[in-house]
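One chain comes next, on its own, written out as structure tokens in the form predicted alone.
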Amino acid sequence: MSPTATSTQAPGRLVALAPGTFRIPERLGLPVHLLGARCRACGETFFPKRVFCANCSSDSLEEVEMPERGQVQTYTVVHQQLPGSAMVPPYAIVRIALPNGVAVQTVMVEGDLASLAIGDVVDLVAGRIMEDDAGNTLISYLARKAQTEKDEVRGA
């Protein structure tokens, strides 16, 4: 089964594929809040979280939530499945510029990939990657084209 942001949830619970990178929503397809860090000394923001600031080397960082909407900076569409990969083509690997200056990379599996373009507004949502041996649904943050009339990103 192809991973999707809207596929139904299996018995068990939602478990982050990379624990600590985002807040787990109640169900698949809902927005995710990525967890980053902001340096208290210089104000630089990072994702994923860091222990030391890459800008000023301070160890005074606080956890912050990242915006859930951004713009596609670049992308590539994958048509061939890599050996051992949980991702089933076609899908796009996308780099997304968030309004706070942070860029994140993830996968887009829904929608018309043929119409995907640089500058498209996307939302970060919880999507199914696979089931684990205990029957839990392993999830990650995936990109989905924004579906609201307010398809703009301030500051990106």
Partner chain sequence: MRDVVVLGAGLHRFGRFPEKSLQAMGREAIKNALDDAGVPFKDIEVAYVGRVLAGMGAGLNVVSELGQTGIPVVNIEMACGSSTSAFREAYLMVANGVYDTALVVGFEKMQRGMLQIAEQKSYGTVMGLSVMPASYALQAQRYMADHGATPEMFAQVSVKSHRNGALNPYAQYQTEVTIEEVLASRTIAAPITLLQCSPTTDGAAAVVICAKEKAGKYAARRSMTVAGWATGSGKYVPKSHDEGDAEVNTGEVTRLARIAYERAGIGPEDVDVTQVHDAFSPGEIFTIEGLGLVGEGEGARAVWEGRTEINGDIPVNTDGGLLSRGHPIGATGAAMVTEIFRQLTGEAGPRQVKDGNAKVGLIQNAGIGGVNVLVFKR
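Since we're looking at a predicted model, the values are computed, not measured. Numbering follows the first chain given and starts at 1. By rigid core we mean the largest C-alpha set that fits within 1.5 Å across both forms.
What comes next is about the form predicted in complex with the partner chain, which does not appear here.
Heavy atoms of Ser58 never reach within 4.5 Å of the partner chain in the model of the complex, leaving it off the interface. The closest heavy atom approach of Ala18 to the partner chain in the model of the complex falls within 4.5 Å.
Leu113 falls outside the set of residues with a heavy atom inside 4.5 Å of the partner chain in the model of the complex. Within 4.5 Å of some heavy atom of the partner chain in the model of the complex lies at least one heavy atom of Val107. Contacts to the partner chain in the model of the complex (heavy atom within 4.5 Å) from stretch 68 to 90: Gln73, Thr74, Tyr75, Thr76, Val77, Val78, His79, Gln80, Gln81, Leu82, Pro83, Gly84, Ser85, Ala86, Met87. Relative to the superposed core, Gln81 undergoes a Cα shift of 2 Å or more between this form and the one not shown.
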